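Here we start with a single chain on its own, the form predicted alone, put down as structure tokens.
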């Protein structure tokens, strides 16, 4: 956050929406149209599980995605990161094993580290988590992991979208292991091409009855992170203890934000707003993609994303993303170095570029500055190799 907010910086660091894209007028209209009684309710405590009309709205949305929202239970949380924290508190004791992707969402890593879990990262490729590597880890562990945490749709930071084949292979791998799957779906609605929408189908909608899946989602990327609204969908047994933990943490999530979100959905604002966001983020991605192709030197690799917020650059092994970051900061452009997302905090040959928060006119300027720094580091590396 500090990297993304410095004055005068061109920032590819912030994994957040652009302020100019928020639905300010729509929210103004919604609030001004509320009855006095509903406005008063905005200021009051609410049920720990969530504002009932919002839960009903979420249930309808989930059912459209094939999720078992009638048999499983929805818990509204103060951001999806709280859902991850609740799940971790429910299942994990100090020293317990958690499996994650490598790279992995840094917010989740911070939660797991707070509970002193042993985190084991499993590599990913352009199709999803490496199944062979996952099977090898599971087979060699002396203690079973408590759960596997993944972000299969427009991964943060890697930007990948799991293929259907990889999703099914993952469920087959987890079958019979008693390893819970945490499916974090913060970006699934932000596909750029409607033809890719079927690929965002949640794993929980596959109804693999011998794999326990907890599904989490967020309003942060589809409405605004300031709302601090997330949710989790889990079996009644898991929900019951999660509700108790939620009660102890903060009693309830803001009624104010829940009521506004519920009206945003039910009054028909969400669908056109998502269409608007997909168009805006797609345009930013296209500018970044073209700029990278034009300006970056040979040897830098990446996968063009089909949705979400991020492009994940792979540097040659002789380059350090952390060293490049320091020089880029002096030039006025920033990103997030890849080791931030490594459970071991070691891998330093990747960097994450976020296009979601970038003004369009700044994107190419930032890439030009980044490219110059990378080229300088490549020259130094080549000189070193020549002299050794």
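Numbering follows the first chain given and starts at 1. What you see is a predicted model; the values in this text were computed from it and never measured.
Keep in mind that the form predicted in complex with another copy of the chain is not shown, yet the notes after this line are about it.
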Of the options 93, 71, 139, 271, which one has a non-hydrogen atom that comes within 4.5 Å of another copy of the chain in the model of the complex?
93
Contact assignment for another copy of the chain in the model of the complex, among 200, 220, 100, 291, heavy atom within 4.5 Å
220
Which of 191-199, 108-116, 147-155, 311-319 sits within 4.5 Å of another copy of the chain in the model of the complex, heavy atom basis:
108-116
With heavy atoms only and a cut-off of 4.5 Å, decide whether residue 234 touches another copy of the chain in the model of the complex.
no
With the partner left out here, check for me: in the model of the complex, does some heavy atom of residue 250 sit within 4.5 Å of another copy of the chain?
yes
Any of the heavy atoms of residue 16 lying within 4.5 Å of another copy of the chain in the model of the complex?
yes
Distance check, residue 256 to another copy of the chain in the model of the complex, heavy atom within 4.5 Å
yes
Residues from 213-238 in contact with another copy of the chain (non-hydrogen atom within 4.5 Å) in the model of the complex
220, 221, 223, 224, 225, 226, 227, 228
